[in-house]
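Only one chain comes next, encoded as structure tokens, the form predicted alone.
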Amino acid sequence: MDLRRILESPAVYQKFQELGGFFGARLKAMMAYMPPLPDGSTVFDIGCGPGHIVEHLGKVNYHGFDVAPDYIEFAQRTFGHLGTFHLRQFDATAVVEFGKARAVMMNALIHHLSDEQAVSLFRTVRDSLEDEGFVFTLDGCLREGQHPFARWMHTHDRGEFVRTEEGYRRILEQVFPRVTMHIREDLSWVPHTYCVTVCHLANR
């Protein structure tokens, strides 16, 4: 059984996220660390998957981006009344089409990208933010002494670039002057180490 292929199904992916407590972990991290979003804020969600997170963002102008056709088709059908979903890579044309964003979200995305790919994307993201905007990310993280099952999960993830805290920080600090990072291991009942970051344009 190829778990990675099975998780390509939107329904199976979301059920896996919910049963493992991983989707709940995203919501807890957002509540704990993500700055508030005023009504009407534009949000870019890069790697939005099936789109369930849009139900938890309030009255925002939401744009989800993903390259998986099944995920985007599901998101459009299920959550199209709450946001707009795009089957495409996120790039500089998004600002031209949709304006600058108050928030750019990347949940479980960075560990799918090489250092070079991640830095390039973050530079594009930086240029898509309003002056008071921010980036919110959440990814699995390797660290010494973590639960053996958490380490196994991270080393067998679909993403090939699960990093340490220092690895994520090294990428983000190449682009953003202000990076706040939190390592949490208590967000899901399944042992998992999360790296949650919030990045701002202003160093204050």
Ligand SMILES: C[S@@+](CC[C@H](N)C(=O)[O-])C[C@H]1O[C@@H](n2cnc3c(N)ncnc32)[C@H](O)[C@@H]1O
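The model shown is predicted, which means the values in this text are computed figures rather than measured ones. Residues carry their position along the shown sequence, with the first being 1.
Just so it is clear, the following notes concern the form predicted together with this ligand, a form of the same protein that is not shown.
Novice: Report the residue, out of Ile46, Val162, Ala29, Ile171, that has at least one non-hydrogen atom within 4.5 angstroms of this ligand in the model of the complex.
Specialist: Filtering the options by heavy-atom distance leaves Ile46.
Novice: Looking in the model of the complex, any heavy atom of Ser114 within 4.5 Å of this ligand?
Specialist: So Ser114 does not count as contacting this ligand.
Novice: At the 4.5 Å heavy atom threshold, is Leu109 in contact with this ligand in the model of the complex?
Specialist: It does: once this ligand is placed as it appears in the model of the complex, Leu109 has a heavy atom within 4.5 Å of it.
Novice: State yes or no: in the model of the complex, is some non-hydrogen atom of Phe134 no more than 4.5 angstroms from a non-hydrogen atom of this ligand?
Specialist: Heavy-atom contact with this ligand at 4.5 Å: absent for Phe134.
Novice: So in the model of the complex, does any heavy atom of Thr93 sit within 4.5 Å of this ligand?
Specialist: Judged by the heavy-atom cut-off of 4.5 Å, Thr93 is well away from this ligand in the model of the complex.
Novice: Within 4.5 Å of this ligand in the model of the complex, counting heavy atoms only, one of 162 to 170, 32 to 40, 148 to 156, 46 to 54 shows up; tell me which.
Specialist: Looking at the other structure, the answer is 46 to 54.
Novice: Taking this ligand in the model of the complex, which residues of 47 to 70 have any heavy atom within 4.5 Å of it?
Specialist: Counting only heavy atoms within 4.5 Å of this ligand in the model of the complex, the contacting residues of 47 to 70 are Gly47, Cys48, Gly49, Phe65, Asp66, Val67, Ala68.
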